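This document starts with one chain, in the form predicted alone, laid out as structure tokens.
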């Protein structure tokens, strides 16, 4: 009879071999692999959990807005809400045409966008093309500090400093106006434009700059005709994101722009934005379940859709016009 081989010698698979017969280095290696595998799985599930939480939060906000907004639109036709030109939610007779709030919101956002684009692009071009590294390391954090100032401070700054300065130029200007709010809001969002635009400009390869310099271009011509067009997608995306931030701003317009919902494109007039109306009504004095209470959810729903559209537009611009460099 042929002898049977020893089971330990025949079954030499590393998966079932006893650790006692393995070298110490092999045992340690297996333990390290098992630990790394466990750590990777924990990190993966942690990231999945954070993603799920953010998605559920967005869904929860949307559901809470829709639940009350639907009740509002049962009483007020959506056509009258979107295209009505009078908003007198707190007065009698009540009218809920949201156009004055939308126009006021976009007027302040446009003024802020112009201020942020001019100042932000100037700062971005200087930091990217002119400033030495030592200056850039100091100036860029100082600019970004503006983004961390509380917005209520910006509101009081507009009310107590910017408006008096504007009144020296426009004597008939009243203390509450859209121009003052827009200027200060532009200062608030300027760091977003300058930082993102400067990052986009820095990513432009030096080979394009050197080629322009070799053809005799000046530094200003290189910055404006080579670097800015090459980084245009990032610049446009930063401006869109900054304007969407301005659309959702509350305290600056609440303090500086007034609370008069009127349909006007004159920046010297007092106006009311969508966020300012929500802040005015959501003080705890409004009866829950009333038409005025439901109106803040309808306005909030419209504001949510507008900011969502702005962010989607920004992502589309980046994806559509982004240039890849080796």
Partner chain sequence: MRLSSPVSIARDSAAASRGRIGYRSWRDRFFYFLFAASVLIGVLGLVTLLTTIVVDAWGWLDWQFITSYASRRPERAGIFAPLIGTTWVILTTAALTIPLGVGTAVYLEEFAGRSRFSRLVQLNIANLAGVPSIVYGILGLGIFVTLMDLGRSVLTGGLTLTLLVLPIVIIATQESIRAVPPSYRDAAFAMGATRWQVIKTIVLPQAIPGIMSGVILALSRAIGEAAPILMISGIVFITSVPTSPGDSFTVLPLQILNWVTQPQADFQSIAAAAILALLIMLLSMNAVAIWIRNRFQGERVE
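Because the structure is predicted, anything quoted here is derived from the model rather than measured. What we label the rigid core is the largest C-alpha set whose atoms superpose within 1.5 Å from one form to the other. Residue numbers count along the first chain shown, from 1.
If you look for the form predicted in complex with its partner chain, you will not find it shown, but the lines that follow are about it.
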Can you check 182-190, 93-101, 231-239, 203-211 and let me know which stretch has heavy atoms within 4.5 Å of its partner chain in the model of the complex?
182-190
May I ask you to choose, among 82, 110, 174, 251, the residue with a heavy atom within 4.5 Å of its partner chain in the model of the complex?
251
Classify residue 77 as contacting or not contacting its partner chain in the model of the complex by the rule of any non-hydrogen atom within 4.5 angstroms, answering yes or no.
no
Is residue 160 close enough to touch its partner chain in the model of the complex, meaning at least one heavy atom pair within 4.5 Å?
yes
So, residue 317 and its partner chain: in the model of the complex, are they within 4.5 Å at any heavy atom pair?
no
Quick one: does residue 221 come within 4.5 Å of its partner chain in the model of the complex, counting heavy atoms only?
yes
Please state whether every one of the three residues 148, 288 and 297 places a non-hydrogen atom within 4.5 angstroms of its partner chain in the model of the complex.
yes
Stretch 59-90: residues contacting its partner chain in the model of the complex, 4.5 Å heavy atom cut-off
60, 61, 63, 64, 65, 67
Residue 50: CA shift of at least 2 Å between this form and the one not shown after core fit?
yes
